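Given as C-alpha cells, the chain that follows is alone and in the form predicted alone.
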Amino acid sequence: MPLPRREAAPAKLNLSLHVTGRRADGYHLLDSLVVFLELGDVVTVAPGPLSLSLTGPFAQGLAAEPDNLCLRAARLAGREARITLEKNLPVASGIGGGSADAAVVLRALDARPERPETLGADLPACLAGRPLRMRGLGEILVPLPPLPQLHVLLVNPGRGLPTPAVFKALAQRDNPPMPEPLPDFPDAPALIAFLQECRNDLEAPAIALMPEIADCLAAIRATGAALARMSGSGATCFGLFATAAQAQAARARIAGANPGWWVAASGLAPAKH
C-alpha cells in the first residue's frame, strides 16, 4: 500500500462488556457489543526509519517508547516506518485509542498478523472497524448488520485507569454472556432497550478504584440519557441520546460544570470496507 498514508483511528465503544470466564493462563474471556465512533485519533505512516512523533491534545500523556502500540505494530509487521500520532483521545480511557492507532499502522503497512490480539484484546476489532460481537480474548469476531444511528456522549474524569488493575479488582469472573443469537435491532429504541438488559462487568471494580467514574455516570444520567454506562475497563463513560442535538446539549452542560473532565459528543463511524 503506498505511503505516506493518513487515516483516522476511530474510538471504540463497548456498548456492553460481559466477562464470562478466565482461562488457566489468567486471560479473561469476554462477550461484548462493539461499535466505532466518528471521533478518534489520526495516524500518519510515512517511509523512513522506525520512529514515532506525538502531537495533539493528549500527546503529553504518552511517550514514544519502544512499547508504544504503534511501534509494536510496525515491528510485528516487520517494516520500518515514520509514524506520527495525533492523540485526540484520552490515554488509558477504555475507548481503544491505542489499539485503533496500532490498527492503522498495520493497515498502512499492509500487514495481516496471524494473532493481532497479542498486541491487545481490542486489536482484532479495531482492524475490522465495524459493529461486532467480540468474544473470547477479543479474537472471535461476529460482524453485525449496520446498526441504527446512535448519538453518543462521552465523559472521562481526566485520569487514566490501567486495565490490569481493573481486572484484578473484579470479584466475579464467570458471568452470563449476551443472548445467542443477538436479536435484530430495527431502530435505536430497540437497540437501547436490549442494551439496558446488558452490563459492563468491569464497571463496579473500576468505580472501586476510581470513584469519579460514578460521578461521571451520575452526571450523564442527570441529562436524561436513555442509557449511561462505562466503556471497556474505564474510565470513559457514555450516554446514549435520541438526537445529536440532545447529545450536544448534554456535552455543553457537563463540560461547563466540570472543567477538568474530557467531554465529547459523537455519532457512529461509517464501517470500513
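Treat the numbers as computed from the prediction; the structure is a model and nothing was measured. Residue positions are given as counts along the sequence shown, with the first one as 1.
The protein also exists as the form predicted in complex with a small molecule; that form is not presented, and the subsequent description refers to it.
Here the chain stands alone, but in the model of the complex its contact with the small molecule, taken as any heavy atom within 4.5 Å, falls in 98-106 among 147-155, 181-189, 98-106, 74-82. Under a 4.5 angstroms non-hydrogen atom cutoff, the small molecule in the model of the complex has Val91 among its neighbouring residues. When contacts are judged by a 4.5 Å heavy atom cut-off, Asn68 counts as touching the small molecule in the model of the complex. Interface membership of Lys87, defined by any non-hydrogen atom within 4.5 Å of the small molecule in the model of the complex, is confirmed. In the model of the complex, Ala228 stays away from the small molecule, with no heavy atom inside 4.5 Å. Residues Thr20, Leu132 and Asn175 are none of them found to lie within 4.5 Å of the small molecule in the model of the complex, as judged by heavy atom distances. When you look in the model of the complex, the only residue of Leu240, Leu62, Leu217, Leu37 with a non-hydrogen atom within 4.5 Å of the small molecule is Leu62. Between this form and the other one, the CA-CA gap for Leu127 and Ala64 widens by 3 Å or more, being larger in the model of the complex. The Cα-Cα distance between Arg159 and Ala64 is shortened by 3 Å or more in the model of the complex relative to the form shown here.
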